[in-house]
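Before any questions on how it binds or moves, here is one chain, the form predicted alone, in structure tokens.
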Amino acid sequence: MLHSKKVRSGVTNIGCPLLFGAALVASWQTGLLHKILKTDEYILPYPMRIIDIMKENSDKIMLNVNASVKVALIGLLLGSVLGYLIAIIATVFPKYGSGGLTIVSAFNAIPIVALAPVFINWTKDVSDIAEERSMAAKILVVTVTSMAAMSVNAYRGLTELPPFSEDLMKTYAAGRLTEFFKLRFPNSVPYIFTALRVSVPGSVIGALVSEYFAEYIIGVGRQIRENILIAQYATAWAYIVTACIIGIVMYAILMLAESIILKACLHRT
């Protein structure tokens, strides 16, 4: 009975979005969506037209995908590590750490469109090569936007411990390092993945938006902007679809990694 309920729930959770997506694409391809939105096929190209453009420009698209994914991953990694370190500092020094968490959260509230030009100006002396300057600025933007979610969630994982667990560690005369690696860090692992669920899509958005303002013209976000400016809407839509695919693939990889690592942690305990 319980198994059948899980099967039905799984079918519903997967089937309903797929049916909705299929219906949306079908209405789009048949022109029904154009009538509903009162637009034409030049502004909103048909899906098959977008797919054809993606095939014709696959090499160029992949070049820009590599640039955007590199920025998103490096920024995500740096932001997550820095965010976790801030959470550790806040745990060890709660009097000062709470202020650090507040500052990081405040940074996260600043719109990317405001951060990107500032970081581009800051990194203008990093290198004589425009590509390197742009890369540094974009990575900084993604780093800042990834820090807040990790620091806040990791802090919860490091401090919201099971009842009496700290007392048990004290009875074993465990040092701070032992307490961290045996108690606090394992307890924070689920919270790390909770943060990454927010940070992974955010890192993709941060990379794409920062490319709008970057000095070096490369990346999926920059190609969306450039093609819209010259009214090549079909090509712009091809890059928009590519951006969606990047986000979906990265999130799917995260979900797979989460299921494997959390199962391994549960099995170990």
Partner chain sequence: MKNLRKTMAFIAAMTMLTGAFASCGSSENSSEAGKSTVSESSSSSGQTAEMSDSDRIVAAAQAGKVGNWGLGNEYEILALLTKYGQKTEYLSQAFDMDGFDDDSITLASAMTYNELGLVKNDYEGGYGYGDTVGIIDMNNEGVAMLEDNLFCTKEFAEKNPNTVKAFISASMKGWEYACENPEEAAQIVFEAGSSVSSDHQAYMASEVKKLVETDTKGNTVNEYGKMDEEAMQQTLDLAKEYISLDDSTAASKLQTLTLDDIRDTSYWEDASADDFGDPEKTSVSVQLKWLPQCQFMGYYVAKAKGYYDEVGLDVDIVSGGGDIGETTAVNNSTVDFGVTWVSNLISADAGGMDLLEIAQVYQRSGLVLVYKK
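Residue numbers count along the first chain shown, from 1. A quick note: this is a predicted structure, and the numbers were derived from the prediction, not measured.
Missing here is the form predicted together with its partner chain; even so, the following discussion is about that form.
- With a 4.5 Å cutoff on heavy atoms, Leu85 does not count as touching its partner chain in the model of the complex; it lies far away.
- Mapping the unseen interface onto this chain, Val81 falls outside it, with no heavy atom inside 4.5 Å of its partner chain in the model of the complex.
- Remark: Thr235 counts among the residues lining its partner chain in the model of the complex, judged by a heavy atom distance of 4.5 Å or less.
- Contact check for Tyr212: a heavy atom falls within 4.5 Å of its partner chain in the model of the complex.
- Heavy atoms closer than or equal to 4.5 Å to its partner chain in the model of the complex belong, across 228-249, to the residues Ile228, Leu229, Ile230, Ala231, Gln232, Tyr233, Ala234, Thr235, Tyr239, ordered by sequence position.
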